[in-house]
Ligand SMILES: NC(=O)c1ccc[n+]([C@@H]2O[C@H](COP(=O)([O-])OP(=O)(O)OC[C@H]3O[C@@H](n4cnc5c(N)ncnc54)[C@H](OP(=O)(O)O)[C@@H]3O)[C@@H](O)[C@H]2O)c1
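Heads up, the chain below is alone and in the form predicted on its own; it's given as structure tokens.
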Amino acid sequence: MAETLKWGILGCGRVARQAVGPGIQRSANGNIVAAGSRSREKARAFAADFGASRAHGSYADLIADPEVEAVYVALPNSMHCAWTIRAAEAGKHVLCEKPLAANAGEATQMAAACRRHGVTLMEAFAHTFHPHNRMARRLIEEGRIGRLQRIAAVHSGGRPPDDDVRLSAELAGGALMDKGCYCINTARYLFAAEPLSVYATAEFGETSRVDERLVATLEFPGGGIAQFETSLTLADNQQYSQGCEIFGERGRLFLPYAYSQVATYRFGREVETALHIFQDDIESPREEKLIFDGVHQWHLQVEYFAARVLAGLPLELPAEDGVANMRVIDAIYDRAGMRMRGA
């Protein structure tokens, strides 16, 4: 069995440079051997910064590189499907940035292509590898807060520049695709089930034509509810709001930094996080605070992916999980009055 997975970076933008690239650099079982961009200069700069031996001036050349074993797809949402399928056809494993596709139909095609060509596909939700999220699910499974009843979450940021891909309808942008998808993924992960129905309202930008603010409710089997708000409308780009409160019959959990480790992403700093456990007994209410040392959640993600690929083992959350998440996104957009992206 090979000890190191050879990565190619497809798209050398912000997330690749500030999160996943550094994660691969830190990993014990992977290294970046090639970078691909529509701009050869941009690919060369990325390759130089991350110690890659080759820089390609097109996505097709990166896919065709015989040394590349796995591709990280960091392209706009509307391009995930086509390039994931191209990578699968070339025999490359794929870690695809979230959300998996522009819609569930595309996600289904991607999963089928990767199965057909015998390669691994995983959606890049790095937060699921953070120890505080793992502990939250463990506590729920152990019955620490009784039967899970409700999740209340928020994941919002400031408005990006007008030319940002997140404000492009053609590139399948929007608040739900950028940040709200984390809330859906976490609710499905903690309930360990798929929602039965959804309700949603949204505010669409007159110029952007994407959802700039959206509120949704998901109903799960057994009466469970998840409610969340997501937006790109906070005061400025220095504002970032996130959190997930989890209510059970016997108590509740609170994760203040449930989704993105912003200090790590923006400044390269690992910061400690907390999981609050509340037992809301009338006579003797109790609070316990679990502190987690700072981690680089993108490092944990890529190291896990490489380990499974190198050992030929299945994923805990396979491509089909990403397809299921996209089905919920489609349903929310349908209820909010937006036609399917990519249609």
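Numbering starts at 1 and runs along the sequence shown. No experiment lies behind these values; they were computed from the predicted model shown.
The following text describes the form predicted together with the ligand, which does not appear among the structures shown.
Of the candidate stretches 67-75, 219-227, 135-143, 247-255, only 67-75 has residues whose heavy atoms lie within 4.5 Å of the ligand in the predicted complex. Out of the listed residues 198, 154, 79, 111, 79 is the one that sits within 4.5 Å of the ligand in the predicted complex by at least one heavy atom. Proximity to the ligand in the predicted complex holds for none of 119, 189 and 322, with the criterion being a heavy atom within 4.5 Å. Put simply, residue 97 is close to the ligand in the predicted complex: some heavy atom of it is within 4.5 Å. Put simply, residue 50 is far from the ligand in the predicted complex: not one heavy atom of it is within 4.5 Å.
When contacts are judged by a 4.5 Å heavy atom cut-off, residue 165 counts as touching the ligand in the predicted complex.
Although the partner is absent here, residue 59 lies within 4.5 Å of the ligand in the predicted complex, judged by heavy atoms. Along 227-255, no residue reaches a heavy atom to within 4.5 Å of the ligand in the predicted complex.
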